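Subsequent text provides structure tokens for two forms of one protein chain, presented individually as structure 1 and structure 2.
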Structure 1
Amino acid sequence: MRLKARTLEALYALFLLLPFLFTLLVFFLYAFLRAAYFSFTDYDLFSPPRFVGVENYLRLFREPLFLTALKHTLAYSLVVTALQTLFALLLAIALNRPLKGITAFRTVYYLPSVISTAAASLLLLWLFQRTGLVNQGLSFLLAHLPHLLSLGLLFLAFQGAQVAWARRRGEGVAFFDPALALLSLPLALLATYALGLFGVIGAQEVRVEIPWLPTTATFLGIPYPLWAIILMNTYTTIPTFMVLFLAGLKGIPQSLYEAAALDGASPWVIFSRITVPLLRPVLFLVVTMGLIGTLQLFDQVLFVGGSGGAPLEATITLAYYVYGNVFPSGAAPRVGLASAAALFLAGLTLLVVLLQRRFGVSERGWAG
């Protein structure tokens, strides 16, 4: 008997899909359903699960540690997404020009985002030690505040003098004329150096020793160790999103910018009326990806905590809360509660995706 062509094709498809279906069904669908089931039980890995209804979900919101984790996760997610989106966009706009050697720059910028979270976390730990490079950098800046101030003021003074001189000769130059500024900067640098040499301004004795990690102190309601993770992760993810923005910027017709330039539009108007609206699909995608990625923060919490590191209540996130309840040290596992927290996390993620679907443009826009 000959199989009908349709059936044969479906059988071939089944064969080709078999390994994928195996992982998808066993390690995703089954796992997902089981987590949902566990979240309504009091399962503890040892005794058989007992149905408890929505008790776990209600209990979560009475657990101080869960509420801390939720607060941290939301704060971390929002701050990192905002920072990385903003800086990635600005960087992409700066890079979106036909310049010689631009590829080399892009490659270099991309470097921080190829390394593992483990290696990045080790670097973070070192950078944010009490005598680490971050505190040293801050100390240096604060110690040289007089120099920086004089550099800024002198730059403005030189620039102002040059612009005034040019305008007197009847040249219409903007205050931050690039050609004049290019002269003002080295002049200001030289003058500041000279002032330092003659002892008019001098470096102060400043030694910043912020204990970034072993502390529960907060800044703007976010603990210091979490700030350290925020800074580090913003830094490693900016390049990834910059690449997406660059792809999006390529899709904007150059003629629009030319027309705007003819109309004498200011850079801000061009940015807010042309670039941002036309980048909307990419912008939504970047924000969504940023939110989803940051909601799952786990590795860094583990690395930054631990011996001699940050206390858990200063860095705990939802993902860590889930893990910590399944494999607690020296206590009974609370799988039911952990599953409820995990599903809550999944719910947050799906909410973000749904919002993107609702308000953003579908992924057709970003492929570029």
Structure 2
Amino acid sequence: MRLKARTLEALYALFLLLPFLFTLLVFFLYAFLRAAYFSFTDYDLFSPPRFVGVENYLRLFREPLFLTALKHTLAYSLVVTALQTLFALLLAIALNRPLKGITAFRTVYYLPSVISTAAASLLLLWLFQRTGLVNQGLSFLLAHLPHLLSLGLLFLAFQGAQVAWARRRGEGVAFFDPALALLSLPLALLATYALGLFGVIGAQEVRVEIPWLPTTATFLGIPYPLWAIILMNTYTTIPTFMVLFLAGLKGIPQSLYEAAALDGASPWVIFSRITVPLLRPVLFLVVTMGLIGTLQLFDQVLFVGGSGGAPLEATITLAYYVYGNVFPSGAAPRVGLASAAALFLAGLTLLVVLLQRRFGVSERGWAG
């Protein structure tokens, strides 16, 4: 029996799709259905599941740790998504210029995205230890604060004097003219060194030992350890989104920029009226991927909480809450509660993305 060409083509397509369909059915659909079933039961992996209705969902909102995880997850998602989108866009615009050696710059700026999560977490622990580089840097800055203030004031004085002299001769120069700053800066450095040499200003002994990780102290309502994770995650995800923005910038016709320049448009007008509107599809993709990725934060919480000694209440997120209930230390697993939390996280992710698409930036433009 000979098969028709269309039937044979469909069989080939199905054969090529089999690995993806198998993964989708086993690791997504089957897992989702099992989690949905367990979320309505009281199950500890050792006894048969007992149906409890929606008790697990109601119990979630009576647990202080779950509410803390929900607050941390939303705060982390909003802050990281905003920071990584903004800095990735600015970096892409900076690297989209025809500069000499631009390929090398793009490669260097992309390197942080290839760092594994474990390596990035270990680097984070090293930076934010009590005697780590962050505290040492703050100690150095505070110890030499008189020098820094003196340098700044002297620079402004020399720069102001040069600008005043140039304007008196009829030259229209800006206050922060780069050519004049090249002379003002070394003069300010020499004057600051002289003041230190004659004992007018001197370094103080300052030792900063802020416990960034083993603490529950907060800044703007977010615990210090979570801020450390925010900084590290933003640093490692910016390059990936920078590449997406670069691809979008390459698709904007240069004739639009040339026409705007001929009309005398300022850089801000060009950015806000041409670049950002034409990048809306890429912005939608970046914001959506950022929200989905940040709402599922887990591995860095595990590393910082385990190896870094950060309190659970300061770093816990919804994904880690699910893990902690399935694999608790020295207690019976609460699979039903963890399944309810996992489904809540899935629903929350879908809701946030839909709200962002409805009221934020969509693939066709700004919604609302």
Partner chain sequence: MNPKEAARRRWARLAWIYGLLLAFGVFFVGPFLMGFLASLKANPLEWPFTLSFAQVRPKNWAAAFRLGGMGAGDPWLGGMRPGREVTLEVAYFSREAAPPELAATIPRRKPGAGMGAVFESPYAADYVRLTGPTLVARQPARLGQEEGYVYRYRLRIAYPGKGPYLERVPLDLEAPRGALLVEATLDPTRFERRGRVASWDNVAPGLLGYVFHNYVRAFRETRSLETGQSLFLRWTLNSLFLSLVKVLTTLVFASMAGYALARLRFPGRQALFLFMLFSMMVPGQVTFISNYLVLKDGIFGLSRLFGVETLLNTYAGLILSGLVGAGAVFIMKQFFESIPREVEEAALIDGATPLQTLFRIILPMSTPALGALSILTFQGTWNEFFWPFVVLTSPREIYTLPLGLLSFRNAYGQVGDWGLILAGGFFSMVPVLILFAAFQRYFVEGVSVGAVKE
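Every residue number counts along structure 1's sequence, beginning with 1. Each form is matched to the other, and the largest set of C-alpha atoms that superpose within 1.5 Å is called the rigid core. All figures in this text were calculated on a predicted structure; none of them were measured in a lab.
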Worksheet, complete the sentence: Note to self: form predicted on its own is structure 2
Worksheet item: With both forms fit on the core, is the shift of the CA atom of Ala191 between structures 1 and 2 2 Å or larger?
Response: yes
Discussion item. Once the core is aligned, does Leu123 move its Cα by at least 2 Å between structures 1 and 2?
Written reply: no
Discussion item. Superposing on the rigid core, is the Cα displacement of Ala179 between structures 1 and 2 2 Å or more?
Written reply: yes
Discussion item. If I align on the rigid core, how far apart are the two C-alpha positions of Phe155 between structures 1 and 2? Answer in Å.
Written reply: 5.4
